[in-house]
Structure formats: structure tokens, C-alpha cells
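Single chain ahead, by itself, as C-alpha cells, in the form predicted on its own.
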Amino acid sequence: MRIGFIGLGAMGEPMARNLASANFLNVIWNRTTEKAEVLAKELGVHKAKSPEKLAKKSDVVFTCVSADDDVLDVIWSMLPGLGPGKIVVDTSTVSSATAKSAAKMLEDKGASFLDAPVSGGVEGAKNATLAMMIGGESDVLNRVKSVLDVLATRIVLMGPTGSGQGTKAVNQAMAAGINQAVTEALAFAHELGLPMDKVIDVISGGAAGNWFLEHRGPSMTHAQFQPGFKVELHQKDLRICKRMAEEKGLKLPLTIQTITDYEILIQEGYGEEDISALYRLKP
């Protein structure tokens, strides 16, 4: 099975590396050509001249790009190289509507589509311990399951196309609430004059323990905000959540508050930092 990978950013590059280590990866493409050239040489794979050329050389194409328009642009560019039997697995975080549009574009070419957003951050991508939320057909998933196992330790078919992105939206909204709770509580602990390392250690072992507290608590309380997951990217995802909720007549107060807080961080020049930089705004 020949695998192509498009999008070599913070998440895409380590995912591509893991596919190469398992001898699955055949060809890569990235908008920044130089980055693709360097990585292709290092991994011993081909660098395609265009998404279309990559699609022609691949049985399965993974995409990992930043935004809805980027996904649709990449799919459109690949179309001449796609045909019956080929599969596109999109690991980007976009709206359910975008996933459905992408699937329709591929359906017209006889190709298949899975929306497969991931959770687990850069660490999960590097360590191949991602959680993957799938929208699409079960038979298509079964055809690529052995490849997905190289990237993720939890792979769940959520339902038809768009369901993966719907689940990821829930994940991102929940992450916003956790970020608010953890940063606020740790700022509270600091004002109480408590030993922060001990606070993080003991709470991590109790009912309020969570991944974000355990993995980001020590760094944020030492004013270290290396991403991780960038503020500006989470804000983009939360705007998707907000739009999806509005379509259902729902409000997400914590999500809206986090979008506002992130905008302050971005305006102050912290958009490239980890989302734990929210700690900067807590009293």
C-alpha cells in the first residue's frame, strides 16, 4: 500500500515520520517546498511536485493542514490524480460541513474519504499515541486500519462522514473548559502561597486530576509555554465549535470566553505559545 502525506507542520511531520518508520510512507508534499525536500531526503521517500502528482503515486493520502479552506484547496488540487479505490484520510481539524464537502468531491471521482481528526497534541503525534475520531464508512476504515494503528492507540468510528469532526469539536470545547479550570485553579493556588509542584502532584492523583494539569501544570507555573498546541490554532478550532453550536441554536459560554481570552493573548503577541499561556491572564 503506497502512502502519501500532505502537510508537514507540528502534527503532520511526526505522523509522517512514524509512517516512514513502519515502511508505509512513499511520498510527501508540503506548501513550503524546502521543508518537504529536507524531510524526503532524511526519510528516503519521494517529494511530489504537486498534490496531484502525490495522489497519482499513492493508494492512500493523509492530509494534515490548518483550516477548512486549506483542506478543500488540497482536495481540489489532488482530484486529477485520484480515482476508484483510492482513499483520503484527513487528520485536520475542520468543520463537519467541510468534511462532507470534501467527501462529495472525492465521491465524484470514485475515491473514498475519512474525516479522522486526532487528539493528543504534539507529544501524541511523536509517540504514536494519538486518539483518532473517524467519520466515514466502516469498510473504508477497515482497509486502512493497519496504517492508522501506526499513528494512534485509540481509533473509533463515530458514524458517517462529518462525525469525526463533530467529535473533535466536542473535544476542543472540552479542552477549553479544562484550560480555564486548570489555569484559574493554579493561579488561585499561587495566590494562596502553596508549593506549586506539590499542588500539581497531589491533585493529579485525585478526582480533579487530568492530562492537562499533569503535563502542562509544571511548565505553566514556571512561565514556560512551548507548544504543544498553539493558542491561535485552538482559537481557530473554537470558532468552528461556536459556528457548529449556533447552527443548532446552542451557546457554549466557556468556549466563547476562551475565544475572547485567546484574542487578548494573540494581540499581546502570545498566539504562537501553548494554550497553557492562558495562565498569563489569570490574577
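The first residue of the shown sequence is 1; numbering continues from there. Here the structure is a predicted model, which is why all the values come from computation and not from measurement.
Only in words, not in the display: the form predicted in complex with a further copy of the same chain, which the text now covers.
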Considering a further copy of the same chain in the predicted bound form, which of I203, A128, V147, M105 comes within 4.5 Å of it through any heavy atom?
I203
Quick one: from L72, V140, L79, V199, grab the residue that has a heavy atom within 4.5 Å of a further copy of the same chain in the predicted bound form.
V199
Counting only non-hydrogen atoms, choose the one of 62-70, 24-32, 241-249, 38-46 that falls within 4.5 Å of a further copy of the same chain in the predicted bound form.
241-249
4.5 angstroms heavy atom contact with a further copy of the same chain in the predicted bound form for S119:
yes
Is S101 near a further copy of the same chain? Define near as a heavy atom within 4.5 Å, in the predicted bound form.
no
Partner contact for T255 in the predicted bound form: a further copy of the same chain, 4.5 angstroms, heavy atom:
yes
Please determine whether M174 contacts a further copy of the same chain in the predicted bound form, using a 4.5 Å cut-off between heavy atoms.
yes
So which residues in 187-224, when you check a further copy of the same chain in the predicted bound form, have a heavy atom no farther than 4.5 Å from it?
A187, F188, A189, E191, L192, L194, P195, K198, V199, D201, V202, I203, S204, G205, G206, A207, A208, G209, N210, W211, F212, L213
